[in-house]
Every structure is written in structure tokens, then in C-alpha cells.
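The chain below stands alone and is given as C-alpha cells, in the form predicted alone.
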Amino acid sequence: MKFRLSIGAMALLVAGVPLANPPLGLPPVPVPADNPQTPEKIALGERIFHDKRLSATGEVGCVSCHDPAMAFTDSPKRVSVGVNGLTGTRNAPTVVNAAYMKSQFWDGREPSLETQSHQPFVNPVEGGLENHAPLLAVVRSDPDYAAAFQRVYGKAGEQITMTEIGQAIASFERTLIAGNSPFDRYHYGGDPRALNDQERRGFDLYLNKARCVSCHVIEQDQALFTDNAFHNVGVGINQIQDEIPPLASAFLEAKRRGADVDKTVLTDPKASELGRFAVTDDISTVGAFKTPTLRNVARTAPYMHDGSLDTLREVVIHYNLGGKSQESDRVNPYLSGGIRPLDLSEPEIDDLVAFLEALTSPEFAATTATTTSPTGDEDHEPSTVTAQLPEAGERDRSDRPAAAEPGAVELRQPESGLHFRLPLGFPHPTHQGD
């Protein structure tokens, strides 16, 4: 097996330091001191990310729920499907720009990309392994993995642990960075044509009447579109609010007796609705879930932690009703204080949705639900890319000129239509190793 650097591996590769020139609208990518980026480590992480052998059935991998063709989600599924067709309780969030998140999972139960990746392998409705031993047996015995771990970490055999595996996956995921949306070109790039009239009206609503910016933050020089906090917005919990007191008590008792939070919240639908409370044991966090980024949100339907809202319009209506998905819903007593009716008109709802659609990066502008993803089987090799200078007048969207990026190279992945742009002078790695 040849380990080759693909688009993901080339999108962020600065030999252990944050990307000095991130895409328009994004800050430098934080890289932990104890897990610096290297070409070989990123390629290894990408290999693991796509390897479906590392599950109980040999049919499920990270890529199963985070498909490059679907902006690294499993859209249009409401909740993810794991081994033997089992379903969990949570909608798969995108991995794109997850490097900026201060915690991982909808309830923030893991603090880093490095530790997050350990759990899906051994969750009964995801990878289905009883423990990590079978996974470790594969990577320790596979000749290509063995050679790669020796190159990256100087380790072999039983020296290879989940620590190294988690670090490699995290290093690859830190390459999945996308900005440079029409919004970015308008707001940060100074291109007045990057947004049309409707999208500009939606932007004004976003900042003012709709108050979206309160949680989906836009800053002066960059926008992550999240406050990295947790809020009860009335999804899921509204339907079981009368059951919360006994449910919360039972959950705390189960934790005291040693229940695994990761397994419980993904296998018990009602426990899943406890949200951040499952991690903090703090009643003020009941039903609270992490604020997701809105970047590329038009490509990641359905929405919310449970995938219960099918369209962006439904999401806006939910907030317009003050945390209710329909008029007949009751607002739960744990609702976050900032959630209240917005009094948006129908045309204003349309405008706000149009703005949200303008948060799509060019890498994902052409993706559709019919695009196929890599197989991820044991013969998977990351897709090769070709580098070329953009053609003069090339457009990312038919009605908007691409941002001027003199001296940039464009990296394309023909299979999915994804592409990235890197400035000239950026280190473009070539194949290394066997």
C-alpha cells in the first residue's frame, strides 16, 4: 500500500505550525504542541480515517459518517448508521473546520480531536468493537501500517497505541479547513458583488433582527460561526420535557454506577436529549447542545443534533417561533434565555435562508446528494490531485467572480468535485515513503 498525500493532506501542511495563510475568513489553525503536523502523519491519519476494517463488521469507518462528498457528513441521513445497520441518536456533524472547536461531539464530552476519535470504534452502534484490541491488532500487523507508524512515531508492535492512532486521525482532520465563501469575499475580501441583494438583506437580519450572530459568532477579522458554547434551543427536549426530572435522576444514578456516557447517549434516545447535562451533571445544561458552525450548512442537511429538521427554512422557522418547531409545541422550562420569537416575515425568512446558503465554500459548492464517496475499503488509497493555475475569469459560482488570489494553485479531486486553493510558496509535498 502506498501512502500518498491527497487534497486533505495538502490543505494544511506546515511541518508542525499553524497554517500561516488560512482561507479567507478563518484564523490560523491551532495545532497542539504535542501533536505537530507532518506529511507522513497526515497521510497515515487519512488512511485510518478511510479504513473500514477497523470495525466489528469490516464495513464501517470514519468516512462512513463523514463523507467528503457530503461536506464530511452523512447527509441526508437524520442520524448515523453503524455496524449491522444499527442507528444511533445523533446527526453526524461535519468534520470540516472541527479543528477550531474547543470540544468535540454535540455534548462536548471530549476535549480534543485526538481523544474524540477513540470512541466511535468501540460504540455498539458505530464501529461495534468490544474494545480497541482488534483495531490495534490490525495496525500492528499490517505491513504498510507498521512501516508508516515506524516512520511517523518510531514505534512498532505493542508500542503502537490508541494515542498514536488518535493523533494521526486528528492531524488529518486538521487539514479539513474551508473558508472563502461568498460571505467571506463580501465581508472580509471587500467584493461588493460577492453577495446579491437578497443575501445582503439576509446578512442584515442575521446581525440584527434575527440575532443569529449572538451564538453563531462573526468577528472583525474572522468568523467561526460558533461561540463554542452549549444552548438549549428547544429541539428534542420539548417532546419529553415532563420526563426530565426522573430521567435526569436515573441518568445520574447510572453514571454513579459506572455507565458509559458515550454508549448511553448514542443508544438511548431519551438520555440523548439530556445534552450537555450528560457530561456536566449540571441541571442548567439540560437539553443544551453545542453551537455548530454554519459554514457549508447548506450542504449538511438535515439539521440539529437529532437531524429532526430537514431544511434550513425549517430551522429558521423553529427559531422564529421562539424554540418551537411548530405552533403546537410547548417551550421547555430549560430553554436558553436568548431563545424567543423573532417575528420574521415570510420574505425575511427567505432572505435569511439565502444568506445561510452563501456560507458555502467553493470546495463544496458543486457537491450534491448524488455524489459518490470513496469506498473506504482496505484497498483505499487517498485520491491523487493535480495542481494548476486558475484560468483567467474562472468563477466559483455562476453569478459571482472568484476572489482574486494572484499566484495561487488550485487542487482538484475529480471524483467528488472538491477543490482547494493554496498560495504559491506554500510547501507542496510530494509522495514520501513506501
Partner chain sequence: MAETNLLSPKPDFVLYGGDIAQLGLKEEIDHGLELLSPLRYKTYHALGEHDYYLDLGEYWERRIGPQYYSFDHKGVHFVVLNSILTHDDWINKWPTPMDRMMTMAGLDNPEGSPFMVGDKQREWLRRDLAKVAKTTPLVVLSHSPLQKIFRNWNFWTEDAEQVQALLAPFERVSVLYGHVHQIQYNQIGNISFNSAMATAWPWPYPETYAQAPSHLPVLTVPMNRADPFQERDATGWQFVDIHSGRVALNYSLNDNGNRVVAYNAATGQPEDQGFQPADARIPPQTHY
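Positions refer to the first chain, counted from 1. Model, not experiment: these values are computed from the prediction.
Omitted from view is the form predicted together with the partner chain, to which the following refers.
Identify which of 333, 111, 143, 76 has a heavy atom within 4.5 Å of the partner chain in the predicted bound form; exactly one of them does.
Of 333, 111, 143, 76, the residue with a heavy atom within 4.5 Å of the partner chain in the predicted bound form is 333.
So the partner chain isn't shown here. In the predicted bound form, which residue out of 341, 347, 85, 192 has a non-hydrogen atom within 4.5 Å of it?
Result of the distance check: 341.
Consider residue 283 of the chain shown here, and say whether it contacts the partner chain in the predicted bound form, taking contact as heavy atoms within 4.5 Å.
Looking in the predicted bound form, residue contacts with the partner chain include residue 283, since a heavy atom lies within 4.5 Å.
Going by a heavy atom distance of 4.5 Å, is residue 256 a contact of the partner chain in the predicted bound form?
Looking in the predicted bound form, residue contacts with the partner chain include residue 256, since a heavy atom lies within 4.5 Å.
Within a 4.5 Å heavy atom cut-off, is residue 92 in contact with the partner chain in the predicted bound form?
No.
Report whether the minimum heavy atom distance between residue 313 and the partner chain in the predicted bound form is within 4.5 Å.
Residue-level check for residue 313: no, no contact with the partner chain.
Stretch in contact, per heavy atom within 4.5 angstroms of the partner chain in the predicted bound form, of 243-251, 177-185, 303-311, 160-168
Only one stretch passes the 4.5 Å heavy-atom test: 243-251.
Residue by residue through 345-362, tell me which have a non-hydrogen atom within 4.5 angstroms of the partner chain in the predicted bound form.
Nothing in this stretch is in contact.
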